[in-house]
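Listed next as structure tokens is one chain, alone, in the form predicted on its own.
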Amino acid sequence: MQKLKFKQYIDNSNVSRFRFWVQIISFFIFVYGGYFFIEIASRLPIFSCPYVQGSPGGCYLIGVQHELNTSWSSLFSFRGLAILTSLATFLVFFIFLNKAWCGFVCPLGTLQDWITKLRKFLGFSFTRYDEMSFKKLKVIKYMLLVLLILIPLGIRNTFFGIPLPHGMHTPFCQICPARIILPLFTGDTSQIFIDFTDTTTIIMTSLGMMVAAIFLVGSFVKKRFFCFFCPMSALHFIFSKISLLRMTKDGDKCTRCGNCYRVCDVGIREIADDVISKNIVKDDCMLCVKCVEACPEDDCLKISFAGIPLFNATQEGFFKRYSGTSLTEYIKSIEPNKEQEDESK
């Protein structure tokens, strides 16, 4: 009986409030943790940016770019084994939280959510991508993932006889907005510069400044703007099926009310329309569980870990979470205006 009451308490709770505090604590740890002698790991499946002086760890992407900057002969030797070992380390971290790293922990993701709160405070509305643009955007993160693998390889080796300059040894990190923006929270402005050492560094550091500016503007206009282009998100999704943390859907219980789509920060329409797939985690999903909170149908959407249910959609939980406002006000608060709704169709 106590177990059932505890599960009912969880299902009726406000996970978004819990997520808010997890994001704040995680941001503090991954930006300022080094100042408090917190050392987590040299590689983490998030943007624990090594360019931040107080960072307690490092981003897996910078490590794998350095490791891939090697010759073919070295790649198929003990060096290749080291790359596989670091990938295994990444997967050990990732297998427990799946894409919830993006929704709960990633400092860049948290920063985008704070920018969204600022937009709401200032009274500006947001826009959604139309369906065609949404599909096209899915490809970009995978293209960037492929490039951050191929470009370091192309420095020590040649593709089609075209050598790549050494100045591109960590191509993604050089244009990643985390490198420029996150150090600012520690008062470090050293990354705000254009390096005139040679043509390559001029181009890469200029691109980095441009991407950081686009990140700030884009995140103000669209929720989780950068997540659509993040190669880490693509890497997470590739391995998402082996993770112990799952989000599943019972299509027979879905009434297609659309609440889940309306609250989704990245506008995943399939979460509402797909009544066939059981595993409902899509490549842009960040497992923020807002959709589960907004679902009024018992057990339609579920979060589980290793098959153990953690958080289920319930009608009782839905109405308890939004008891402070009428259902009409709730729907109005999460639904885009008519112009935005037309744009998304």
Partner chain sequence: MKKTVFILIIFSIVLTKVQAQEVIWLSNTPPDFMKKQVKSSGMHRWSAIKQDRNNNQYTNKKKNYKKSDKDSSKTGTNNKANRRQYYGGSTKYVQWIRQGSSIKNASYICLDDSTDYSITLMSPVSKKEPIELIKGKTCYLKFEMNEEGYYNAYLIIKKPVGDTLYINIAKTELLNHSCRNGHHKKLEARPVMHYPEITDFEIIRKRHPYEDYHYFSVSGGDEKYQALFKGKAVEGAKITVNTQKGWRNTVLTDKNGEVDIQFIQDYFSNWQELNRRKIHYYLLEADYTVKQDIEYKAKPYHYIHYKFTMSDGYRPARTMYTSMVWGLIVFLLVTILSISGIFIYKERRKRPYKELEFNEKLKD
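Positions refer to the first chain, counted from 1. As the structure is a prediction and not an experimental result, all values here were calculated from the model.
Not pictured, yet referred to below: the form predicted in complex with the partner chain.
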Margin query: Within 4.5 Å, heavy atoms only: does residue 188 come near the partner chain in the model of the complex?
Written below: yes
Margin query: Against the partner chain in the model of the complex, would residue 196 count as a contact residue? Criterion: heavy atoms within 4.5 Å.
Written below: yes
Note to self: Would you classify residue 87 as touching the partner chain in the model of the complex, given a 4.5 Å non-hydrogen atom cut-off?
What the structure shows: no
Notebook entry, point to check: Would residue 212 count as a contact of the partner chain in the model of the complex, using a 4.5 angstroms cut-off between non-hydrogen atoms?
Noted result: yes
Check: Three residues, 81, 153 and 200; all within 4.5 Å of the partner chain in the model of the complex via heavy atoms?
Finding: no
Margin query: Counting any non-hydrogen atom inside 4.5 Å, which residue from 244, 221, 140, 149 sits next to the partner chain in the model of the complex?
Written below: 221
Check: Exactly one of 132, 217, 238, 118 has a non-hydrogen atom within 4.5 Å of the partner chain in the model of the complex; which residue is it?
Finding: 217
Item checked: Per-stretch contact check against the partner chain in the model of the complex, the hit in 88-96, 67-75, 260-268, 124-132 (non-hydrogen atom, 4.5 angstroms) -> 124-132
